[in-house]
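Below you will find one chain, with nothing else, as structure tokens; this is the form predicted on its own, and questions on how it binds or moves follow later.
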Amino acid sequence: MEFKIYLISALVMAAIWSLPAAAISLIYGVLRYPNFAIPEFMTLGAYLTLLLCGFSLPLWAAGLLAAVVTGLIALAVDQTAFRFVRKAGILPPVLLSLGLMLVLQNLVRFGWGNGNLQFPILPMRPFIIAGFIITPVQAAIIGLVIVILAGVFLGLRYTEFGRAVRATSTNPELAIVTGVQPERVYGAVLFAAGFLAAVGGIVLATETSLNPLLGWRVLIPLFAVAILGGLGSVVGAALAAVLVGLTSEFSLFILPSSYKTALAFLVLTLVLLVRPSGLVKSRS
């Protein structure tokens, strides 16, 4: 029974990590810098959802609207700040993202305080499928994330926008010659990253609770998952999230829960020793 409980827990955790890790990976793959503000966009998206729930919106509608608003905020920040430092190398955007991380975290503290809050979700009885006990919320999280990741993968692989993203990622100057406008691609990527991060924050808060450190607490695991998957690869981020989730949860058979994060980094180290580019090498 413990095996089944840990497996469900690992899949839920992997689902929660995979979307913001994909956002980190997507930004790095196209704009070539690690954006440390992504975890705080998770927190912002979750709190905006709580705010919208106060207007009697159902949780799914509030979450969708909050994710769109968070994506627009990420786009606005990119166009008013990051856009002007892109050509100055990797350090300025990294420093900007660190500053943005602190600003967003403190804005949430100012607006909602430091206490723990909960989404208005009524208690629901878990159901049993083939001996696996899973709650309706956990099933919804796993299903939602699979649908979103599939949509992102298909969009990047088979649409005109996806081809523009891949062309810009490979060679922005050459992409301009073929008619692609890199600034539009960068803006769209930042909107998508903000949207994915917000959904990740909403599902994390749904499974746990809301507090201003919601995103901060998963900052290191998210970057570990993004690096392990291969920066620039959405599929790799999803696979790495599953691997880290399974390793972390099944380690509970032999180790206390306080070692889960350390074990995740041990897996990261071992995989990178064998595959320095990560589980899936981005082909841009």
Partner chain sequence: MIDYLIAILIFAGIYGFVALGLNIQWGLTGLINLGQVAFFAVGAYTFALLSKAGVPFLLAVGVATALSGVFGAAVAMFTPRLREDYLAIVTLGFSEFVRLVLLNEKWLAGGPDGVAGVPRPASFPGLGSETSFLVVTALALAFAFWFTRRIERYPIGRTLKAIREDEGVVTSVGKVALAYKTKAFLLGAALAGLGGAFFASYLSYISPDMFGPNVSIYVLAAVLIGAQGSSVATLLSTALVAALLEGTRLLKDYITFVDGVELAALRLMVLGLALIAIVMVRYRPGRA
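As the structure is a computational prediction, the values presented were derived from the model and not from experiment. Rigid core here is just the name for the largest C-alpha set that superposes within 1.5 Å across the two forms. Numbering follows the first chain given and starts at 1.
The form predicted together with its partner chain is left out here; the points below concern that form.
You can rule out all but one of 78-86, 123-131, 158-166, 177-185: in the predicted complex, only 78-86 has residues with a heavy atom within 4.5 Å of its partner chain. The closest non-hydrogen atom of residue 92 lies within 4.5 Å of its partner chain in the predicted complex. Among heavy atoms of residue 114, some come within 4.5 Å of its partner chain in the predicted complex. Interface membership of residue 99, defined by any non-hydrogen atom within 4.5 Å of its partner chain in the predicted complex, is confirmed. Using a 4.5 Å cutoff between non-hydrogen atoms, residue 13 does not count as a contact of its partner chain in the predicted complex. Residue 103 is the only one of 103, 146, 72, 139 with a heavy atom lying within 4.5 Å of its partner chain in the predicted complex.
The partner is not shown here, but in the predicted complex the stretch 198-236 reaches within 4.5 angstroms of its partner chain through a heavy atom at 216, 219, 220, 223, 227. Annotation: Cα of residue 259 displaced by at least 2 Å between this form and the one not shown, core superposition.
In the core-superposed comparison between this form and the one not shown, the C-alpha atom of residue 271 has shifted by at least 2 angstroms.
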